[in-house]
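First, one chain by itself: the form predicted on its own, in structure tokens.
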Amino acid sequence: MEKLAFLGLGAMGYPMAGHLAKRFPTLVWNRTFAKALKHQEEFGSKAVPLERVAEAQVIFTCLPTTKEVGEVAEALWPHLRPGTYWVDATSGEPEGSRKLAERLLEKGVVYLDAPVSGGTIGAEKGTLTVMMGGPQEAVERVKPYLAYAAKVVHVGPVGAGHAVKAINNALLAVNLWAAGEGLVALVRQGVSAEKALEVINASSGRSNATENLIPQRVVTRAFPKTFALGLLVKDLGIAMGVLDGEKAPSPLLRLTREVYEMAKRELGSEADHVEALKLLERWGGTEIH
């Protein structure tokens, strides 16, 4: 059975690597090595120093940005072997990914951008959606190892996966903010958020924000930390790069980025992305409940 490796055991990477370890021999590495040792104890993976990651036939990365993926690739450079596949689940930059793919090909390593959607709950359940960019043959080759995914879509060449992911997260930001604005107004008019959401979620205005995020996190005041506001703002920046590269009309998405940048300044990068609605509540002088 082929050996896999997973680098980056954060909120998403930790459970994703766990699904791999349940089915395949899996090496794990994390900058904070204690996290890798904990993973080894919990899932039966093998915590290893970085250079040993190159023993794997398929290397997975799930790191904060493309910059960190490039740094890890350079650190691994002397140890990389031809015929290796590199599956990058980072929410990264399309252009940076294309450059990294060219660099790794010098070593005979095939790079695929493969960001995921579904959040920490999807990662834990193994029901993530993967959007893959790269050669068709390579995509088919690595598909059997995506044990954390319920759906895998090959969206185009290298960089396409990261472009789709960035636009998807920009749409998440639009839907969440727009729903927040509407609900603040309705609550001020005396409509309960629960009743408003009951109608919206049976009607054409529904979205993941209204069906899940707002009722489970805002109305309840739970605001769990699942996806940092700073990371959503990063993804909005990547989306702007995609739009700029194609000179696409995008007044709404650009305005959305501005309001989330404002929310990040007010609430801090570590706040959960759904907490952005606290800013709307503050401006509207009312809570969404």
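Quick note: we count residues from 1 along the sequence shown, nothing fancier. Note that this is a predicted model, so its numbers are computed, not measured.
Beyond the structure shown, there is the form predicted in complex with a small molecule, which is absent from this document and is the topic of what follows.
- Stretch 226-234 is the answer when you ask which of 226-234, 51-59, 247-255, 260-268 has residues with heavy atoms within 4.5 Å of the small molecule in the predicted bound form.
- Of the residues given (116, 174, 76, 112), 116 alone sits with a heavy atom within 4.5 Å of the small molecule in the predicted bound form.
- Interface residue among 280, 9, 274, 21, judged by heavy atoms within 4.5 Å of the small molecule in the predicted bound form: 9.
- Residue contact with the small molecule in the predicted bound form: residue 242 places no heavy atom within 4.5 Å of it.
- Contact check for residue 70: no non-hydrogen atom falls within 4.5 Å of the small molecule in the predicted bound form.
- Although the partner is absent from this view, residue 97 stays clear of the small molecule in the predicted bound form, with no non-hydrogen atom inside 4.5 angstroms.
- Within this chain, residue 32 lines the site of the small molecule in the predicted bound form, having a heavy atom no more than 4.5 Å away.
- Taking the partner from elsewhere, every residue among 13, 90 and 120 has a non-hydrogen atom within 4.5 angstroms of the small molecule in the predicted bound form.
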